[in-house]
Each structure stands twice: as C-alpha cells, then as structure tokens.
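Just one chain follows, in the form predicted on its own, and it is written as structure tokens.
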Amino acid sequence: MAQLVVETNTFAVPESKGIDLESTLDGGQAFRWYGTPETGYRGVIGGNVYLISSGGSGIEFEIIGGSPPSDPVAIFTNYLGHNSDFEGFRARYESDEVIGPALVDWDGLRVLRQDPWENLVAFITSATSNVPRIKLNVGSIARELGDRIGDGERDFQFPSPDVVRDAGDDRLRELRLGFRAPYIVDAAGRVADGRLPLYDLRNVGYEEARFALTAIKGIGEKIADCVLAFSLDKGEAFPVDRWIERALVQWYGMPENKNKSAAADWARERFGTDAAYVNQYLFHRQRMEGRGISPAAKRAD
C-alpha cells in the first residue's frame, strides 16, 4: 500500500514518481481527462472528481467533488495500475531493440486499470472514430445521463448500465452516437440484467473474457482487447489498429499479409502476458515517430 502524505487537501503518492501523466491519461486509454502537462489533469474516477499533477516526490492529487473514499490513495494507485509488475516488464524488455529505447525515453507510460463499464462504452464509441470525438461522445453520455459530482462543466459520474439502457437508442442518437447507439444500449442491457457479468471477467481467463465481450453487438476483437487490457486485468490483450500493425511489420518483421486477428495472435504468442504493455509502448512510439519524435531524437534534445 502506498504511503499517504497529506498536505492540506492534497494527497501524494511517492511511488508514482516518474509516471508520465500526459501519455498515460491522454494517450488513448481513457477519455475523460482534460488539462495540460504544465497544469495537470482534471477528471473523474468513480464518484469523485480529481485534480492530478506531477510533484517533486511523485504524483499529487486532490479530490474536489463527490464523496471522498475511505482510502483515496488505494483507489488512485489501483487506477494507475500499481498492482501490475511494471518493474518486471522493464527488466524483461530493457534490452529489446524496439521496446528498450522506448522504455528509456518514455518509461513513464503506464497501463491504467479503469472501471470496466465506462471503459466498455468508451471503446464501443471508438468504432470508426478518433480520440477527440470519443471524448465528446463519452463526455456527452456522462453529462446528459450521469449525476453531477462537482462544479466543473465535465464533473459528472458516468451513468450506470440500467440508466443507459433505459435511455434507449433514440436518446443516445440525440447525443450524436449514431450507429453506435444500439450497440451501447445492448451492452447496457446485458450488464444491467446480469447476462454479462462484466466485473467478474477480471477473474476468468483471457479467452473466456474475450468471448463474453465479443458476444455483444458491435464489439469485435480489437474493441474487446482494449477493454480487456485497460480495465479487466488481461495482460494478454493486444488491440491491433493501423499504428500497431505498422509497428509489428516495421520493427518485428511480421508478414504484411497477416490480418489484424492473426497479427494479435502472433503478438500474444510472442509476448504472452506482457502483450498489453508491449502494445502501449509500440503504440506510443509509433505515434511519437509519426510526429517526428523518435527515442534517439528525444535523447539528443
């Protein structure tokens, strides 16, 4: 358990020193954090509004809305994925010719452990979309259907599955969810009535959990793997999009004719339970190099 340090209303997590908030909170895993690396980030975890920033001794956070939990540091560190074996991952891949350089320059990237329900809805909205639009979609669902828990314009608790189910397709279409609306309503109904024991999927194997998710209309293997990686503790999950496909071909020599499903299987066989972390470092390095920032260039700066 992390040590709790209280300074007025601020909590500090010394063990979090070095975590990169920008790449972790605003890099395509989560969609309700807003801010800048200079000023920190504001967002919602569960029923509370958080202000998060990097301090000299680690990450500092303040709960400014909602009902504060009895052990705020435990909840926060759980969200940051502190239970994962990042140091073991680093030791296994620091000499890897692809992941090694990325670990040197971007070792602050972490895989989050988010609420599975919100994460599921977020990635259903991700179909044929992009990060700014996903943020708009998820934010509008929270704002229009969730409970206000703070005084900011985005300070809303994400609505429960039964609330989303009862809102129905037409209401979600009004929120500009388009063709995704019935998929979200179907998922909400399955979670609300117990046909999909979403939170229990943390306690079953990867294949069983993925099968349960892909039974939902509109959820294919890629979306399922995102949810499995970022909220359901499945280290084997390996979402494949164009960035990852390009990375596997360019850096690991994967044959170009593999389809995305075969590419994910190939990666799982190679990386095992490290697949989710490898995936995020490949994704981040590809995105950065797409902007002209390579590990070597970053070190030169």
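Numbers follow the displayed sequence, beginning with 1. Bear in mind that the values here come from a model prediction, so they are computed numbers and not experimental data.
Separately, the form predicted together with the DNA exists; it is not shown, and the next lines address it.
Look at the candidate spot formed by 162, 186 and 190 and say whether the DNA comes within 4.5 Å of a heavy atom in all three of them in the predicted complex.
No: none of 162, 186 and 190 comes within 4.5 Å of the DNA in the predicted complex.
Taking 4.5 angstroms as the cut-off for heavy atoms, does residue 66 touch the DNA in the predicted complex?
No, no contact at 4.5 Å.
So in the predicted complex, does residue 132 come within 4.5 Å of the DNA, heavy atom to heavy atom?
Answer yes; at least one heavy atom of residue 132 falls within 4.5 Å of the DNA in the predicted complex.
With a cut-off of 4.5 Å between heavy atoms, is residue 218 one of the residues that contacts the DNA in the predicted complex?
Contact with the DNA, yes.
Please run the contact check for residue 223 against the DNA in the predicted complex: heavy atoms, 4.5 angstroms, yes or no?
Yes, residue 223 is a contact residue.
Of these, 178, 100, 205, 108, which has a heavy atom no more than 4.5 Å from the DNA in the predicted complex?
Looking at 178, 100, 205, 108 one by one, just 178 meets the 4.5 Å heavy-atom criterion.
Of the listed stretches (190-198, 143-151, 122-130, 90-98), which one has a non-hydrogen atom within 4.5 Å of the DNA in the predicted complex?
In the other structure, the partner sits against 122-130.
Within 14-48, which residues come within 4.5 Å of the DNA in the predicted complex, counting heavy atoms only?
Residues within 4.5 Å: 27, 28.
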